[in-house]
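What follows is a single chain, given as structure tokens, in the form predicted on its own.
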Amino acid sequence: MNMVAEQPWLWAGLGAYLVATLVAMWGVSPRSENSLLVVNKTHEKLVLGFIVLGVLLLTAAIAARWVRIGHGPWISLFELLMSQMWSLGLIFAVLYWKLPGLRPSTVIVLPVMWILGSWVLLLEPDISHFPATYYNVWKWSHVGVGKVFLALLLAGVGLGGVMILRTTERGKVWFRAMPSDAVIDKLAWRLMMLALVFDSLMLIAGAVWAQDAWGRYWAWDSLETSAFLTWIFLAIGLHVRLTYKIKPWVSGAIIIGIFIMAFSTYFGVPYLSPSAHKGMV
């Protein structure tokens, strides 16, 4: 892989995320209760600081690529992963700042983000072609709300993972500073409800964009079908949670299943499908 302008910034941004991950793991490591509060305050500031630093460095990476290729990095898988690392970090930093109850779940959220980070480092940063159909405000509305949707799901995955890991003795130690499972479960599904709103907006904006771009609102191509199934899966998960009394670990497993479906829709279907949606989300 030849060195290009955005790569040093990309590597530095992912490095900042890695440091945030390690500091988050230090924060949940066993220690005496007397030192727990002081350490938590210290490590939480460091975690937030390194996430924000990562976002700023990835902003520089996106800007460098934009200048190099003449358009925003929204087309190829390399570009999509890089821009998602930026948006996921930005939105999670806001959630981390505003919702103290989810902060220890960072030890789950950031490693998931590193799956994307490791993936993007394996891809070639080739120059992509910017389609004429992208010059449309509905396209950017579609992409923008979609990024918020995926970030909310990722935050929910962190809380869902906590509820699952708390079924083990080690998990109980790691996440002893977090609220009860009932409180975590309620927060997680509030995020899922908000995710459903943004998912719905994403589908609506995408349909309007499709009408402008291809002369039809919906065609049941591979990506549209997978996106709709993700919406159905999320709605069913909310229905099950609100209708039945389920164990916290089951609740967490449902949230993770929804995220896997959304992840596959974002990063799998567009690059396997021969439809007009190929190579875009």
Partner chain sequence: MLRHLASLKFTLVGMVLLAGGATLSYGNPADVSVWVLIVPLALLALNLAAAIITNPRINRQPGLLVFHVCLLATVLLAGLGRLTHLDAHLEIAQNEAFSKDILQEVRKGPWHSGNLDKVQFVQGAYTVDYAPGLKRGLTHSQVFLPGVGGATVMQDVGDDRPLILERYRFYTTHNKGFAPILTWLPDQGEPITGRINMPAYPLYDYKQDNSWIPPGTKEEIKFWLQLQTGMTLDKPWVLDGRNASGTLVVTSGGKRVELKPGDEVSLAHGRLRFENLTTWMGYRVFYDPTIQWLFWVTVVGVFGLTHFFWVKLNLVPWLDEGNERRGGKA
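These numbers were taken from a predicted model, which means no experiment stands behind them. Numbering follows the first chain given and starts at 1.
Below, we turn to the form predicted together with the partner chain, even though it does not appear here.
- Contact here is defined as any heavy atom lying within 4.5 Å of the partner chain in the predicted complex, and by that definition not a single one of A12, W26 and S29 is a contact residue.
- Proximity of I204 to the partner chain in the predicted complex falls within the 4.5 Å heavy atom cutoff.
- Using a 4.5 Å cutoff between non-hydrogen atoms, V67 does not count as a contact of the partner chain in the predicted complex.
- Contact check for K186: a non-hydrogen atom falls within 4.5 Å of the partner chain in the predicted complex.
- When the partner chain is considered in the predicted complex, W114 lies well away from it, no heavy atom lying within 4.5 Å.
- Here the chain stands by itself, but in the predicted complex one stretch of 168-176, 76-84, 115-123, 97-105, 97-105, has heavy atoms within 4.5 Å of the partner chain.
- Taking a 4.5 Å heavy atom cutoff to the partner chain in the predicted complex, the contact residue among I164, L90, V208, V148 is V208.
- In the predicted complex, R190, L191, M193, L194, L196, V197, S200, L201, I204, V208, Q211, D212, A213, W214, G215, R216, Y217 are the residues of 190-217 with at least one heavy atom within 4.5 Å of the partner chain, listed from first to last.
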